[in-house]
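Considered here are two forms of the same protein chain, supplied as structure tokens in two stand-alone entries, structure 1 and structure 2.
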Structure 1
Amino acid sequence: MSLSSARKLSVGLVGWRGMVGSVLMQRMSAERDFDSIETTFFSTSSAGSAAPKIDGCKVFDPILQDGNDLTALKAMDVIITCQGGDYTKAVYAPLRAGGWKGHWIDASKILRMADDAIIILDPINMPVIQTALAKGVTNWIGGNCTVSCMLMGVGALFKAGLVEWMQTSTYQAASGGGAPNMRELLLQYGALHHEVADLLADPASAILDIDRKVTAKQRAFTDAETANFRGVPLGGNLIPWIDTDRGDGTSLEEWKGGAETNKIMGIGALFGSTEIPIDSTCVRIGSMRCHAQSLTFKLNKDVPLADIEAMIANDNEWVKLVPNEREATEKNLTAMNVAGTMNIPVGRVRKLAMGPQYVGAFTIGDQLLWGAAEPLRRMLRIIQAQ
């Protein structure tokens, strides 16, 4: 495939109706990405139906192609998949084994740590992407959502080589699990409200009666009502474990924090350097959208707070430094404020009691935008520009 050819690239989209895929369609539409590509939609569940109607997208093929049809996939210059890891596991290797040499852009975790794949977050690691493009790399994988949002916020400290280690506690929204998880959360909130609606309507009712009934209802949810969060209700609750158990006291989500941050920044054995230690505790909370995290850094030298703030604020056009004050924090550093926007607020930046090299911060980002969809569509543009 010649990237410099004047013809439009043929782009196959898989997983466009899921949570990440829907946001990707919105962004591609808003940025008029469809104007410069020939789009074919694929589905794993309704091949043969009409392709979706998306603003600004004139489909190349009006019929949904089968996402498992290797011949149809092979006809694409670029495949963008938001279908999930099982799909990548099933399709990617046979496609490559069959000789397909196109660009594979993927939201799932499966190929992230492969030596021949780059984790894409171009405002942070454009040099890594450009070097890989020049070497002929064709696998471009979106990073873990929490990692990408964190680096969009405080990547400046890593770029400056200032981080000796980092520890983070996350607050991750239901949508991180996908579309069915969001529906499950809202159904649970509805059921909890319904359970106590009479008591809430009576200002004289006892709050402990309301509380008792809510807790009893949470404990009585059926397997079907809690299927997406593995039998645990998230409504009015939190779950301090995300993704599989690695058997060493950490979850896979927590492992990604260290492994992916280093790989995105071009640090680690693959790049001939030593990894920065990063530890995370990842927690699912009952918000709809946006992943937040509380960060602790040990810097390798004492840097004045004003310099740290300036570095963060000037790193990219989406990061928004929030003054470490009550009103500004309450107004700006919330999931509700950030949902659906490209902004990455960073606040609570302060020196910690442990010593002048210790810095605290809090950041939040829409994990479906910078944490998932946005790097994928930007990678398509980078490929087109070659």
Structure 2
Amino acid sequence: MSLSSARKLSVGLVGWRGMVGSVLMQRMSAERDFDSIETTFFSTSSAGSAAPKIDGCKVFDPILQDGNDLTALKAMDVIITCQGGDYTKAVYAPLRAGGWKGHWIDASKILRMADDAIIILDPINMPVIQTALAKGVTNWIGGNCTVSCMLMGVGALFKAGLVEWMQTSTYQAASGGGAPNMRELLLQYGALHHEVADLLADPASAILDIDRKVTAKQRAFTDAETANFRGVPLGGNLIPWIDTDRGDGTSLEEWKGGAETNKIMGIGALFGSTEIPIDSTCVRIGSMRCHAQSLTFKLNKDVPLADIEAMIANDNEWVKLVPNEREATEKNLTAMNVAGTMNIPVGRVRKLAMGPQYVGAFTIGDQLLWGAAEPLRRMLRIIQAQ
């Protein structure tokens, strides 16, 4: 579809009330994205109600439109959806079958690996996006949150063609599972504290007595108290499995690490090249927000550590190289430091004992920003610029 820069694009927003959608609205408001578009809000549950009032957003249509109304959706030049995979499954194919040729920008995973879709992360893969635009591609899909945050940190090594293989162990926050999971985690922490509050108030109490009571309480949580993490408490715990079992000893989340990294970078059969092997072990941890990763790279040649650090530090304006020192690491390379910011710290960068071509690193990012909402709003800007 050819979009004229002489008029504002009509943009339909679906799923704007959820966790990712709310962050997207905040970012679009902060960056004044609404100034240059004609905004129509859609809802799958409250059609006919008044459209939301968002700072800086003068809506084109003051009434919430039906998110399942294909005719209303077809009137949009661009649709941005954070509604989730079930919505994409229900609406996308009939919309395209009905002749709609607009741009579909989607936070869900459903279309990520489709041949006619590009996973968007423009500070890292702008050449891939530009090539796709020139070919008429109109499906733009946000990547896996952990993969996107990782590439924002160390994408420079992939851009330089230095990575022979990579292994990652992830440390993923409760928010990766959604808002109910975050609530469940906090309720569990509260219950654990309540269980031992009297002992904690007594300085003379034995820590092993406290520990025993905490463990017993964790094991006694009911199905209702652990429903969102499939019957396993995350409070004071970790879960070394995320997403569905692929039946080959890996989870879907671990598969995404390799499949999506290669596609984002324009590597693999779809692009006429050989994929870079990437293996992951994905672990859910009891933090609220931000996903972190411990990375091991095998480079295809020996590169001085100072050059590696310079490539990482200079790749984009959001990556922040943290010196591999204890104080700097403890202060800067943490979820508490990163939550709610656009920064992507990368630290613990060092050569490994396995040999000069082996490099270790640790990175962390707010998965609701670069891992979810931010690439969507930036893709809208890129479309506007065509």
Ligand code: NAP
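In this text, the rigid core denotes the largest set of C-alpha atoms whose superposition between the two forms falls within 1.5 Å. Every residue number counts along structure 1's sequence, beginning with 1. These figures come from a predicted structure and were not determined experimentally.
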Item to complete: Could you point me to the form predicted alone, 1 or 2?
Response: 2
Practice prompt. Note yes or no: does the Cα of E31 move by 2 Å or more between structure 1 and structure 2 after the core is superposed?
Written response: no
Practice prompt. Superpose on the rigid core, then tell me if the C-alpha of P62 is displaced by 2 angstroms or more between structure 1 and structure 2.
Written response: yes
